[in-house]
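Quick setup: one chain, the form predicted alone, written in structure tokens, and binding and motion questions come after.
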């Protein structure tokens, strides 16, 4: 399923402005720890919109905000969790790397490569239940060289489990160029797992949507796992506070030319969409996020006396 470019542009604006709101929380000291943003990769998440059902599981990484938005996680509780507020998805206890929305089977993990084993569990559960639900694991290019990636896809291929792996290839595994440590691309590994695989331009949301929808449809039909590799650029450092000295100014300038929002806007202008209308869309999106951010900032943080809540499970002593 593909949407029109204007709709994709709206989704990308919402994701960009949401992440910029998160950046403001880092600067103000309201968000703690290593916040990771996907600025520059918005078209990948936008391409996922409308394809998954609520009963399809989506397991995301430390760079997770866009995927949550694509899965339909409400913006305000998600932003509140990132800002460590009691109105957040997890009451402010999880923070930005541990977002959970059980109603939409959305979860995240900060461990590289760890999304696949979790999603594999969801896929196996669907298989045992006789459901046609699918499970999606998002990974970066750095995560494809972990044991969990291989083991999960191997089992998914052997049992024909409905596991879809979306690899966001932004060229960098923190400070390491992926091509220097990977013998082949992510999608090229698919035949080794009896999986379907394809590589797409991750700055084109429609291209992502076509590939992702095909992968999900195949998994839903019982045809086994799939790998979709989407290429994009990560404009900021690995995390907020990363000096990002491993990339030259010249490289960063070249990367900026691949901004999916700039590309989409240029295409819309070529279609005859006026500048004033596009500016209004930007302002409308920004105003929506600003209003949410204001409410989140006014919310209370969790009671410190509850710091040990949810740390241990109950049971027989």
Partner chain sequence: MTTATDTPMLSPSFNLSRVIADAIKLEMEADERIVVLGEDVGRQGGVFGSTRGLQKAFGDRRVRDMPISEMAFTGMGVGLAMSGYRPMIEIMFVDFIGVCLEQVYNAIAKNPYMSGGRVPMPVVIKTAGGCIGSAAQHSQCLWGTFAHLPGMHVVAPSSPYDAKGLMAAALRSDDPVIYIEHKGLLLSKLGDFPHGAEVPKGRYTVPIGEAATVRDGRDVTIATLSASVRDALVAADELAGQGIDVEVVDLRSVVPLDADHVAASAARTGRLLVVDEDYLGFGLSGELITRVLELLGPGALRGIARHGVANVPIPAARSLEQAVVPGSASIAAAVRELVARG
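Positions refer to the first chain, counted from 1. Note that the coordinates shown come from a computational prediction; the quantities given were computed from them, not determined experimentally.
Keep in mind that the form predicted in complex with its partner chain is not shown, yet the notes after this line are about it.
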{"property": "Listed residue (142, 237, 185, 224) with a non-hydrogen atom within 4.5 angstroms of its partner chain in the model of the complex", "result": "142"}
{"property": "Contact assignment for its partner chain in the model of the complex, among 75, 217, 176, 206, heavy atom within 4.5 Å", "result": "176"}
{"property": "Per-stretch contact check against its partner chain in the model of the complex, the hit in 225 to 233, 108 to 116, 190 to 198, 208 to 216 (non-hydrogen atom, 4.5 angstroms)", "result": "108 to 116"}
{"property": "Proximity of residue 301 to its partner chain in the model of the complex, heavy atoms at 4.5 Å", "result": "yes"}
{"property": "Its partner chain contact at residue 132 in the model of the complex, heavy atom, 4.5 Å", "result": "no"}
{"property": "Its partner chain contact at residue 29 in the model of the complex, heavy atom, 4.5 Å", "result": "yes"}
{"property": "Contact label in the model of the complex: residue 157 to its partner chain, heavy atom within 4.5 Å", "result": "no"}
{"property": "Contact set, 233 to 247 vs its partner chain in the model of the complex - heavy atom within 4.5 angstroms", "result": "239, 242, 246"}
